[in-house]
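Before any questions on how it binds or moves, here is one chain, the form predicted alone, in structure tokens.
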Amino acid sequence: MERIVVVGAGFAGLWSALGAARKLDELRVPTDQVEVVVINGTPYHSVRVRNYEQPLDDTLVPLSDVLDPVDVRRIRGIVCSIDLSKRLVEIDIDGQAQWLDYDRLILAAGSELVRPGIPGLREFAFDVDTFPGAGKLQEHLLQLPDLPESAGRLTVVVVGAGLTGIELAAELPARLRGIVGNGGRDPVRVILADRSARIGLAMGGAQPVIEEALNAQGIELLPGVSLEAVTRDGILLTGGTRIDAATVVWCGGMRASSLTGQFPVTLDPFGRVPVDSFLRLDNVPGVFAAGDCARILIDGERPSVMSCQHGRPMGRYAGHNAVCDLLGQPMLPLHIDWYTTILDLGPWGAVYTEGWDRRLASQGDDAKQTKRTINCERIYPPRTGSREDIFKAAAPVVQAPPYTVRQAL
């Protein structure tokens, strides 16, 4: 039996496996001749981009519901190392090392939150990088009303105003007021801090709208600052400014899985391996990569973004092409000639931008409806259990941009 091994079951990994299974089915290849195996540390696919929300019950999709109907084998474990010469992956399964051979490998191990060596960051800061991390933050917030009175008891500082930081900060005032209750007699305070000169600076034409939305919800914006230290009861900024806060959330950027360091290629500044238009690693036979750990020139010129917007199609094409490469079939190049950014701004609404220069297309309630459709429908795999539905969704095609009601802006 030949084997295609997929490392990871995030957006890229899940769709790599489904894309491979679909192509094998299309070619009528029996599962006892070629199998697809997914290795993942948990038994679920996490819709990670929703971790700024609450509740999160609907953001975990059991892998069995999606992979079993299409005959993809699952292994719950962590890939520790890869032997490229022998085509083996080492897996930690409940503390025991096991080796699995592969004929084609798809690296889709994703990314993780960058945690620099800032004093107190690991000990006292929360994050929403993972489902458990988001749950830990919510559990902490629920306990705030019971804490002893202090200057920063109901103050939350979100550090890092990338997309995740902005979305989380926009959610927090209403969430905190719902937790604290008592008619607003105990006012909550949310601060969004970032080293950039303006909050949302990278969002092009949407930047003023983002400021407007955050200000309207009472969020304090603190641009042009850097975090010096985190303590149990607050933060210290470079220059000596101290802010009392019982809750500090770190949203300071992402870096690709450390597994990318095992390949003899030059990594980009985010730690990603370079891949060609077929999602193959240069000069590494039999290996493909997709999602946050891979860098492809998505339109032939610009590098892919670490997002589900690019991770999902990268996965579908990587799975399809891994099968084609294994069986001597022609592969398909991935090319996406559009780019959008849809940013949630809490109860205020959302913003929708188009193009790499992020031209504002829609805002407020219309953009919010588009965001809800993306978060709750578009980025999910079929959950019907239907083999036909799953294979249809796994076809190597590029979806059209999300629909929104465009406004006269």
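Throughout, we count residues from 1 along the sequence that is shown. Quick caveat: nothing in here was measured; it's all calculated off a predicted structure.
There is another form of this protein, the form predicted together with a small molecule, and it is not shown here; the text below is about that form.
Asks: Please name which of the stretches 273-281, 186-194, 326-334, 110-118 has residues with heavy atoms lying within 4.5 Å of the small molecule in the predicted complex.
Replies: Heavy atoms within 4.5 Å of the small molecule in the predicted complex occur in 110-118.
Asks: Would you please decide whether G41 lies within 4.5 angstroms of the small molecule in the predicted complex, comparing each non-hydrogen atom pair?
Replies: Although the small molecule is absent here, G41 would touch it in the predicted complex, with heavy atoms inside 4.5 Å.
Asks: If you check in the predicted complex, is L18 within 4.5 Å of the small molecule, heavy atoms only?
Replies: Contact check for L18: no, nothing within 4.5 Å of the small molecule in the predicted complex.
Asks: Can you check whether V128 is within 4.5 Å of the small molecule in the predicted complex, heavy atom basis?
Replies: Output for V128 is yes: heavy atoms within 4.5 Å of the small molecule.
Asks: Check T164 for me: does it contact the small molecule in the predicted complex (non-hydrogen atoms, 4.5 angstroms)?
Replies: Heavy-atom contact with the small molecule at 4.5 Å: present for T164.
Asks: Let me know the one among I78, L144, A216, L236 whose heavy atoms come within 4.5 Å of the small molecule in the predicted complex, would you?
Replies: When the small molecule is considered in the predicted complex, the option within 4.5 Å is I78.
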